[in-house]
Structure formats: structure tokens, C-alpha cells
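This document starts with one chain, in the form predicted on its own, laid out as C-alpha cells.
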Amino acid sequence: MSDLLIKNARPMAGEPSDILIRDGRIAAIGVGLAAEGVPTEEAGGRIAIPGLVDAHTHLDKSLLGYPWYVNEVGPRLIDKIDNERKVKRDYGLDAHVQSMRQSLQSVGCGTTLIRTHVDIDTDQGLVALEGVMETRRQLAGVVEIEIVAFPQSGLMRRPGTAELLDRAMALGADLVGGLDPCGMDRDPKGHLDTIFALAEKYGKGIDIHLHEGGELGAFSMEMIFERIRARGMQGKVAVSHAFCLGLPDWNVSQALIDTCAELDVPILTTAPPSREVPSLKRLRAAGVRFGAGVDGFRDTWGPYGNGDMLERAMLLGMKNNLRRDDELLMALDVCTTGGAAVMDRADHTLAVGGRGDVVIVEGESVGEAIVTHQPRKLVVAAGNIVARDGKSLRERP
């Protein structure tokens, strides 16, 4: 059912109002609304916010449901990548089961829209993609899932991966992924030419992981910009992590930020405390679309995280030294409407005409809701109630 009347909520901690959702969209917000025959939920004066958006995660990697994983992995990126492939084989990891577990945990925390990167490599082929696509099918109406075909183990360094990415796009992946064209493949021209050609072939966008920091990352960003201009792909290429935008030389980083604005290159962050990250305020001031995600959690890469994007808003605020209540509103926007805008969902907003994704949270103010991130009282996706009191209504496998 996609019709719902939420009584006595406080949209973004404002005055008490009712929210009427019809056919999955917000039809009215006001006082004393009534709708005959429409199910009614009482918010009890709690805050209503838009559905939370996890715009960067890895649903196929989670070890949720398994015993605690003892992490003894080396410090390099390639150490983590090679170890993960081995653990997947040893565990016989089922990407469908694991993506269901993580997705439903995120739904319980109020997430209604997810962009996930799914590993495509010569070890497992398209198995992970098929598993996550089945999860997307089963959870239609509960959470929207957008899939990036992601060459986690490298592209040029592993012959046959490009052909697998091609097949993944044909099978139904939404975007082409990429990864550290210099640091991983050591062939930035070959790597970027391949993923841009695939995106053009299928008329899809790109979301590329760029962990490369400093001048190396800046060099890769410039090569990405060149291809966006050459192929007319403004607004179609996102960069995840983009640690190079945290360069201490503000003249260099500001030039990169300004070019992101010029070419409409969205940036996605996970706000890790261990790295320099893009500045929320500088990106917003430049007009760059900016979203956030939980990345992987409870996997072979690291033990942290729980799928809660409201907690991620707090971490984003801490990383960016956001202390004022109005600044915390910016952090929440990145984790809701901002993340949705990166995914070209302009209607993901708590306003009349917006998609009926509403989360009822505890707190006197939005700031308190973020920093305490108590269990969500109610989660609504397109007018459907999908979670109560911090738990998805659908059981995790």
C-alpha cells in the first residue's frame, strides 16, 4: 500500500504537521489533514526527515551473520583486495544473502535509497552481480538499489575483466565503476579509456573510486576531467572518496573543486577519520553535488560500521568540524537529499510532490537526532511502512 497519513510529525523539527502520502508521493503537509480510508500513523511530535541515502556502499562484501572476522590483513590496498578474494572463496560467500542482510539492516536504520558497488573480477565473474540483482528484485518497494559494476581487483592488470564489465552492463548494472587508474592498474590511459568507452556504449554513468591522494590523485582527476570534456559526459561521472581534494595546498585543491563544479562531477565521501577528505563546506560553496555512504562494514576490510546513515551524518560533521546546529543540517542534507541528487533523484525531498520516503526520528532538534541517532521510530518508503523501532519489518536471512 502506498497511501499513508502520518499525524503530528515535525518536518525537519519544525511545527507539528500531518504528512499525507498518496500513490507513493507526498500529497500534502499541513495541520488537521484527513483522508478517508487511508491508514494513519501517529508520530507523537517526533521529527520527520527525508529517507536516508547510502550513496556509497558494497552490499556484496558484508560478513553480517558470520562469526567475528579476525582481521590480520596487511596495510596496502592490494593486501586487502587479494585477501578479500580468498575469504570469499573460503567462506563460499553468497552475495544475495549478504546483500539482503546488509540492505535490511540499513532499512531498519532509515535508508530508502542505496548505491552499491559490486565486485566484477576474473575469479568470480558475474556471480556477485547476479546475487545483488536478486536482492534488488526481492526488495523492490522496500529500498531502491542502484548497482555499479566495480573492478575491485583491477582492470588492465587482470585481462578479461573489461569483457566481464561489458557483460555486467548488458545484464543490467546501472553504472560503470573504476578504481585508482594509476595506483592500481598503473595504466591510467588504458583504465579510463576502457570505462569511458563502456559508459558511452551503454549510455550509462560512471562512479570511480579514487583513493589516490596528493599530486597523484590530482593527476588522475585531471585525466578524468579531460575525458568528460572530450565525450560530453558532464553530470554523468561521479568520483568516490576523492582524497586528493583534501590536499593541504588549497590553490591546487580549489582548482580541482572548481572544475568539479564546472563539469558537474559529484563527489561521494565516507568521511573516514584516517584520511584527508573533501571539505563539505568548500564543495557546497562551489556548487558541487555531494553525497555520502557507509562504505563496506563488518567485512574483511574493517570491523567498523552498522549501516546507519544518521550516524554517518554525525561522523561527517565531526570530520568537517561542524558544531553549530545549522551546520549539522548540512551534514544531514548530504546523507539524504544531497546523496539522492548525486543519483539524479531530484524528488527525494520532504516536500509536496516529493517521493513518499519519510523517517520518524527521536530528538528535540535535528542536531540532537543526529548526535544521538536513536532507533528510528518509523521508516516509510514511497508510502509503504518498511521498518519500526529500528528494525526492518522483513526478516533478515
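A quick note: this is a predicted structure, and the numbers were derived from the prediction, not measured. Residue indices: 1-based, along the sequence shown.
Heads up, the form predicted together with a further copy of the same chain isn't pictured, but that's what we're talking about next.
- Although the partner is absent from this view, R298 contacts a further copy of the same chain in the predicted complex, with a non-hydrogen atom inside 4.5 angstroms.
- Looking at G367, you'd find a heavy atom of it within 4.5 angstroms of a further copy of the same chain in the predicted complex.
- Using a 4.5 Å cutoff between non-hydrogen atoms, D325 counts as a contact of a further copy of the same chain in the predicted complex.
- Within 4.5 Å of any heavy atom of a further copy of the same chain in the predicted complex lies no heavy atom of V31.
- Looking at a further copy of the same chain in the predicted complex, residues S274, G317 and V371 each place a heavy atom within 4.5 Å of it.
- Partner contacts here mean any heavy atom within 4.5 Å of a further copy of the same chain in the predicted complex, and among 193-201, 173-181, 120-128, 307-315 they occur only in 307-315.
- Between a further copy of the same chain and the residues I228, V73, M133, V87, the one pair within 4.5 Å by heavy atoms in the predicted complex involves V73.
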